[in-house]
Every structure is written in structure tokens, then in C-alpha cells.
Ligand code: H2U
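A single chain comes next, written as C-alpha cells; it is the form predicted alone.
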């Protein structure tokens, strides 16, 4: 694999068919822009938190005294299951109604923990919850989107460790693009695109951040965000619920080792948007799909300086300053003991 030079160049994203501009020389420019606030330490329990065990939520419902994970239908869901089917098919201004549901997934009863700070067995419980929710919702909906927005910088309105699932009767734009690209790759090459990616990245090595027995976490060749990563299985799997007990345990270890590195990078609770893409729940074979997770963290230079997608990114194409290889090297070199435990 020939590596691009340390000069401005474009890289192709085979998952979406889009390009990204890479400008390695821009990391030296001075920064006088916005700096993010660093979150203070939190208590183990917050009596005002809508997600803590036993507390009353905004809807008036009371949470059970849960001791592991807890899931419930979002009190202010963006999608509703009983939306009547309607559409307007005019050529220019088209619309159609959407039915679905939104779930909130509490990762831990403790208000002060994040996935990075949870033990591996606690993360394994979260993996099991993701899989169970996907299996249940996939019986009704075409797409099940598991995700977590962590930190105020990523729009999270409640610091209690939690994620969400939005399930819908349609396949959204981004996974729809992936599905088409995966299908085309499989038809022309007879192999799944992301299994090829995993094999090539293992051989190349420089973009791999964490490798366990069954999983890989790497900075993709086409990464947009400064320390973006992709989590891939080293075995065929299309959906979370297909993972057996060993796969799930190993995934929990992989996530622990990756997320601790994120926090250690700038010694802060690293914000990110994190989500799983698995095969849509539609009729037909899904041999072209590989289950994978995207992690999009915004921090660029420190705990207070983030990357903004503005100007050229909104009007032209995404652009990044630090190369994916350099980002992977920085993450890979970090210790696997959380900085808060060391101190």
C-alpha cells in the first residue's frame, strides 16, 4: 500500500463513495478560537438526574432501582410508532411520513461513570443490552440505530452514562449508502468490503490502535474527525445479536482499551458520537455486510480545542489536518490504565 505524501492530498472513503481533503501541514497554525469547557467531577448519584435509579423522569415515570443496565422508551421520542402512513410524491417537493421508536439505554446505575471507566464485565452488559434491543426492534423495523452522544460538546443533555436506539421503517441515508457500496463490492469481488479492510489494516499495522483476539479498533484511511476510529470484527458478522458470548466479551475488552486511550489523550472525559452499523432488517441475504462501529470524537489539539465542520467542509468536502497514521500512532502509544485511576 503506497502511502500519500505529507502534503495536501485527497483520500477516498469506500463506504460512502465520498472524498476528504487532508492537509498535514496545517497542524502548526496558531489557535485563537473557541475552547471547550472541561467537565467537573460528578457524584455517584444525583437526586436531580432523570436517569439515576429510583428518580422521577420529566414524564412523571419513576425509574426502577436498577443495578446494571436499564432501557426505556424515550419520553420525548423523535420517532413515533403510530404515525399514519402519508406521502406527497410531487417531483421537486416530496415528503413521506415515518414510523418508528426511540429507546434510552442507561449503561450503569452510577451517575459518575462513563464506558471508559466501567469494568469490562460492565461493558459486556451494555453489549448484551445493545444486542437484545436490536434483536427485538429488528422484528418490527427496517433499521435499528444504536448510538451514544457523550459530552456537552456533542450535544448530550444529561451526563449520566447512557446511549440511545432509534428504530425506523426506512433505512437512513448514511447506512443506505454503505449498503449500496457493500453490495456493489460483494458483487464485483465476491468478498465483504470491511473484511478486506480488516485484513489490509492488520497487514499494514500503522493505523491499528487496539487489536484483541476477535476485534480491531483502527483509524480508517479515510477518517474525517481528528481521532476518528472504526471498530471491526476479525470474523464474519452482520449484526450485534449474531455475536456469541466470546465475541461479546472480547468486544467489551476492545472497547475498554480504546475508550481509555481516548480519555488519556488529553486527560479528560473525551466527548464523541459513537454508533453501530449492522445489516438492515429487510428481506434477502446480507452476505455483503460486516457489523462495525464508528467513533467520531471532535477534540483536535487539547481538552478544550475541537474540530469544527464549517466553511469548506460544509460547502466543499470534509478536511482534516492530522493524518490518520499520525492519529493512530498517538492513540496507540497511550497507556491502558485510565488517568483518573493513576492519579
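The model shown is predicted, which means the values in this text are computed figures rather than measured ones. Positions refer to the first chain, counted from 1.
FYI, the form predicted together with ligand H2U isn't displayed, but the following is about it.
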Which of 195, 117, 74, 273 has a heavy atom within 4.5 Å of ligand H2U in the predicted complex?
-> 74
Out of 269, 168, 125, 158, which one falls within 4.5 Å of ligand H2U in the predicted complex, going by heavy atoms?
-> 158
Is it the case that 180, 238 and 287 all touch ligand H2U in the predicted complex, with a non-hydrogen atom of each within 4.5 angstroms?
-> no
Do residue 142 and ligand H2U share at least one heavy atom pair within 4.5 Å in the predicted complex?
-> no
Close approach of residue 259 to ligand H2U in the predicted complex, 4.5 Å, heavy atom | no
Residue 184, heavy atom within 4.5 angstroms of ligand H2U in the predicted complex = no
Interface membership of residue 164, ligand H2U in the predicted complex, 4.5 Å heavy atom rule | yes
Where does ligand H2U sit in the predicted complex: which of 279-287, 51-59, 312-320, 293-301, heavy atoms within 4.5 Å?
-> 51-59
Just give me the residues of 205-238, first to last, that have a heavy atom within 4.5 Å of ligand H2U in the predicted complex.
-> none
